[in-house]
Each structure stands twice: as structure tokens, then as C-alpha cells.
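Let's start with one chain on its own, the form predicted alone, as C-alpha cells.
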Amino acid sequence: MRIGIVGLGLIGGSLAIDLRRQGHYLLGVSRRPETCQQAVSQGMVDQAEPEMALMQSAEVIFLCTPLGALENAVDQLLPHLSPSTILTDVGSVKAPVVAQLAPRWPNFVGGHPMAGKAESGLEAAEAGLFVNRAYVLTPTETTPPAALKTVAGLAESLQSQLYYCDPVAHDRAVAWISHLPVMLSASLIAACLAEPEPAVAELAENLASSGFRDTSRVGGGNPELGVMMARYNQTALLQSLLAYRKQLDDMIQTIQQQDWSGLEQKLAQTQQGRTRFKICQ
């Protein structure tokens, strides 16, 4: 199969590596010629150019640009496609993307491979990034079954765990387990950096270990991705932030009142509750 990748960053590059190793012919588009050259020289894709015309022979195209650049990329891409070409995206927000693209291209399938790293760019791409990770597809009533089957097959070939859901339900769910953690993690880092006593701040920096590493990781990631999460999933993210603030206020009140048995009960509930989440290792 001839597969196109528009946007050769972490996700696009990782998709290209795995799909090309399966024997597919990979076409890549990046706005930077040096990125195109790098992708070809490292064997990630068979051909790569800055021009969308390269995609005219692709059977399936993965749209891997940032959410803010997606509309412009699609505007440039559509004139070069045959009616049978299947488009799918990898964005972390689905409802606005599906609402925008499905009416413009019948063979569109909303998708979200839930894998990533703190690093970004083609240099961060790696083989096996999607193994045992959730890959969500968000078909609507107008999504062609054949297009959905094709994208689902490619997702499963990556050894991902395939899920189907409504675009709005997807956005509400990822607000809780992906977008909210980014904002909380960033707030943790900001709060630590605001420590007014320099000696204490330096000591905290030197003593930071696994707990801080784990809770600060996503807050130290690509700022552009964080802004896109907030911009395109604003309603669901705000709802989750406000709900989290209520939980935090309750925790503050419990500690202020020295209600240690109440605190232990809360922590026991969260200890047990965490087991319900299928966290990938």
C-alpha cells in the first residue's frame, strides 16, 4: 500500500518507521526540506518533499501536523487527491477536527494514537512507539465502512489496542487523562519555580527524584501541544480543571482541619481507584 504522512514529527516519523518496515511504500511531506532529506536518508520514508503534490498517488494519508496547522495543510492537500484516497488524522482532539474535515472529504476517519514522549520532532521518532498503546477511531454515521476498516487494520498492524468512540465522548475522556494532567503538571513545575527562598528552591531542585520526575514529565513537554489541547478542547478541559480544583480544595480543608482519618480514607479510595485505569507501562 502507498501511504502518505503529512507532518514528519514524532508521531508521523514513528508511524512511517513502523509502516515501512511492514512493506508499505511511504511518502512524506514536511514544510522543511532538511526534514524531508533526513527522513529519506534515515530510511523512514521512500520519498519526501515539501510539496503536497507528492501525495497524489497515496492510498491512505495520515495527517500528523499540529492541530493549528491542520486546516491549512488540508486546503493544500485536497486538490491533489483522488476520490478514493482515505484521510485520517492523529490529533488529540476529535470533535472539531471531525466536524471540519468529514464534510469536506467523505473518506475521512478521525483517529488518535495515544502515544508520545516529552521530546518532539523527527529526531524523537522511534520504532514500536504504538505497541500496546490505545489507538482511538471516532467514526460517525457518514464514515464509509471500507475506509474505517482500512484505517483500523493499519492501527492494529502497529500492535495498538484499538478503540471506537464518539468524537465528543473522546474529547471529554482525554480531557481527564491527557489534557488535565498536562496542565496540572505544568502548574506543579510553576509552583516549585515560584519558591521565594533561593536556598530552598535550590535544595528542591537537587533533591527532586522519582516522584517529581513522574508528576512533572508531561508538564515539561512541547508547549505548542499543550496550547492546542487547551484551545481545541477548551470546554472539556475547563470542566475537568474545575472538578480537580474542587478535589484540591477538599484536600486542603481536610489537612487544615487535621482530619487524618479522613485523609487516610481519601488516599485509600484513590489507591483503589487507580487500579481501574488501564495505564500502559
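Treat the numbers as computed from the prediction; the structure is a model and nothing was measured. Residue numbers here begin at 1 and follow the sequence given. Here the rigid core means the biggest group of C-alpha atoms that line up within 1.5 Å when the two forms are laid on top of each other.
This next part talks about the form predicted in complex with another copy of the chain, which is not shown.
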Quick check on Gln22: any heavy atom within 4.5 Å of another copy of the chain in the model of the complex? no
With the cut-off set at 4.5 Å between non-hydrogen atoms, does Gly220 touch another copy of the chain in the model of the complex? yes
Quick one: does Leu237 come within 4.5 Å of another copy of the chain in the model of the complex, counting heavy atoms only? yes
Give a yes or no for Asn206: in the model of the complex, does one of its heavy atoms lie within 4.5 Å of a heavy atom belonging to another copy of the chain? yes
Contacting member of Leu67, Leu54, Leu241, Val40, with respect to another copy of the chain in the model of the complex [4.5 Å, heavy atom]: Leu241
Could you check which residue among Glu156, Glu195, Glu71, Glu123 gets a heavy atom within 4.5 Å of another copy of the chain in the model of the complex? Glu195
Would you confirm whether the three residues Cys165, Leu180 and Gly226 all fall within 4.5 Å of another copy of the chain in the model of the complex, going by non-hydrogen atoms? yes
Which of 32 to 40, 226 to 234, 59 to 67, 45 to 53 lies within 4.5 Å of another copy of the chain in the model of the complex, heavy atoms considered? The stretch 226 to 234
Within 98 to 113, which residues have a heavy atom closer than or equal to 4.5 Å from another copy of the chain in the model of the complex? none
Determine whether the C-alpha of Gln22 shifts by 2 Å or more between this form and the one not shown once the rigid core is superposed. no
Once the core is superposed between this form and the one not shown, does Thr140 show a C-alpha displacement of at least 2 Å? no
